[in-house]
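As structure tokens, one chain now follows by itself in the form predicted on its own.
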Amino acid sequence: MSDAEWLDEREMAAWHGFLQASNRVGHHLEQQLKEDSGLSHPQYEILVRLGDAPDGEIRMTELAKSLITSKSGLTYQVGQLEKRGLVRRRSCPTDVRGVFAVLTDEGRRVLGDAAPGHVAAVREVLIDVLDERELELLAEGLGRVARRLSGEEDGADRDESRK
């Protein structure tokens, strides 16, 4: 543990700011979605992904990967959406192990009703708080973090971007 490169004051401020902001934004958005549509944030994201997909359907394994969640966590959330009639599952005709999540007409309607309030909440708590430069830096920096953690950016790219 003595070999750790401890965070300096500026780095610690960035880390604490990230934690506070991400937790508070997440909590606010979760509350907004629950109140407006009865959806959890993960359920809303499932509906968004399905709404953007061709024919409103995605294989469950691909959906779990795109949402960065476990297969069991996705199965639970899709089950909750199925109970409300917002999503249905169908077997893959070419792979007996494959299952697709399919957006229903009711799911598309609920998504359409929920989206404006959700976007307004995102603007209120994040987008409109930042100026253009801050927004650009946030998108660039957090995009780089996401790419690195997903394996899309290697150490050489990261080191080059710091110059």
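Computed from a predicted model, the values in this text were never measured in an experiment. Residues carry their position along the shown sequence, with the first being 1.
If you look for the form predicted in complex with the DNA, you will not find it shown, but the lines that follow are about it.
*Asks:* Exactly one residue in H118, R108, R59, R49 has a non-hydrogen atom within 4.5 Å of the DNA in the model of the complex; which is it?
*Replies:* Contact residue from the list: R59.
*Asks:* Would you kindly say which of A53, L29, L126, V99 lies with a heavy atom within 4.5 Å of the DNA in the model of the complex?
*Replies:* Contact residue from the list: V99.
*Asks:* Do R89 and the DNA come within 4.5 Å of each other in the model of the complex, heavy atoms counted?
*Replies:* Judged by the heavy-atom cut-off of 4.5 Å, R89 is in contact with the DNA in the model of the complex.
*Asks:* Residue-level contact is defined here as any heavy atom of the residue lying within 4.5 Å of the DNA in the model of the complex; does T69 satisfy this criterion?
*Replies:* Result yes; T69 sits at the interface with the DNA in the model of the complex.
*Asks:* Residue-level contact is defined here as any heavy atom of the residue lying within 4.5 Å of the DNA in the model of the complex; does G73 satisfy this criterion?
*Replies:* Yes, contact at 4.5 Å.
*Asks:* Answer with yes or no whether E136 is in contact with the DNA in the model of the complex, where contact means some heavy atom within 4.5 Å.
*Replies:* Outside the cut-off, so no.
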